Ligand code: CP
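Take a look at this one chain, the form predicted alone, written out in structure tokens.
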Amino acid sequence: MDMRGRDYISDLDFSKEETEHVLELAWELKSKRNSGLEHALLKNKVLAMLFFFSSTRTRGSFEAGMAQLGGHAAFIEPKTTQISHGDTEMELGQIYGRYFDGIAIRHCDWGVGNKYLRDVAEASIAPVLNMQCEVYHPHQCLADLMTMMEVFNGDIKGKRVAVSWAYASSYLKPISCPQSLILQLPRFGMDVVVAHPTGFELMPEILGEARDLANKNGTGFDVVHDMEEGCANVDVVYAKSWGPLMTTADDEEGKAMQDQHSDWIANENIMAMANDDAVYMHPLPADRDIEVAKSVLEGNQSVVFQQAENRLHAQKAVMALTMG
């Protein structure tokens, strides 16, 4: 399956079969990493990593992944370049596409990020990889899917996932993570229930796509406005905060809306609503004892560190297949 030169901006840029191919390679690379076996599939290749939005796991996993594949990753902050002084998306794509073998971008500004990635991709001869924009977070979702398959021994069809909003006292977080989940999971036969307070809706076009995919694949898809209802009898509680960006992009107004729902916390009571063998997932960082109880985040049902590790392996597979 030749995927060389392919952009990965939306979760649906790769077909279900291509996504399965990525995951198969991810497990192979994970095994080699754990066994100490060399896997320099990208020897002498270089990835540009352009961050408009700060990161811990994303930068670490892409940078480590390129080194383990035998290549190099260049960390680039826009403020250290001429982007703020006139370099356009077309120029960046044309020039970096010639300098580098891949361009990875994280740009989460509302109404800006996704278009920026697509404009760079249009001009670049090298593949453009989405490290998160305001619409999609595809590499995180690959790691999530990989983790669910590991947890349930590959048998995820018919499993029910609660993609739930949770309160956070910090900034208004992007809606891209839940949006990627609701697009990807129905393709693999998983039932999805989205739970959020009124005002914290996801993009209607993404919801429409998700419902269409659920109908096509014969899976359940529900939207509710009560956390307990959303997490009842599920196999995965994926509870995290996101901003009310479809209602307002104003930080103060959004913060006031968030503060009205401080009782939306992933605690032991919420986990008790789920099935006995349910797992808790979160892409991190999490607001401890605000967004999720520490006892849940670090408890026996939590797989957040396995989930974080799988970012490394899933991303290495994407890079190897698109940049090789």
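Each residue number is its position in the shown sequence, starting from 1. Predicted model, so just to flag it, every value in this text is computed and none were measured.
We do not show the form predicted in complex with ligand CP, though everything after this point is about it.
Subject >> Which of 295 to 303, 26 to 34, 257 to 265, 50 to 58 lines the interface with ligand CP in the model of the complex (heavy atom within 4.5 Å) >> reply: Careful reading of the contacts points to 50 to 58.
Original post:
Tell me, which of A272, L284, A67, I290 has a heavy atom within 4.5 angstroms of ligand CP in the model of the complex?
Top reply: Of the candidates A272, L284, A67, I290, L284 is the one lying within 4.5 Å of ligand CP in the model of the complex.
Original post:
Which of Q140, S164, S124, T147 has a heavy atom within 4.5 Å of ligand CP in the model of the complex?
Top reply: None of the other options qualify; the answer is Q140.
Original post:
Counting only non-hydrogen atoms and a 4.5 angstroms cut-off, does R311 reach ligand CP in the model of the complex?
Top reply: Within the cut-off, so yes.
**OP:** State yes or no: in the model of the complex, is some non-hydrogen atom of R118 no more than 4.5 angstroms from a non-hydrogen atom of ligand CP?
**Re:** R118 lies outside the contact set for ligand CP.
Subject >> Partner proximity in the model of the complex: R106 to ligand CP, non-hydrogen atom cutoff 4.5 Å >> reply: R106 belongs to the contact set for ligand CP.
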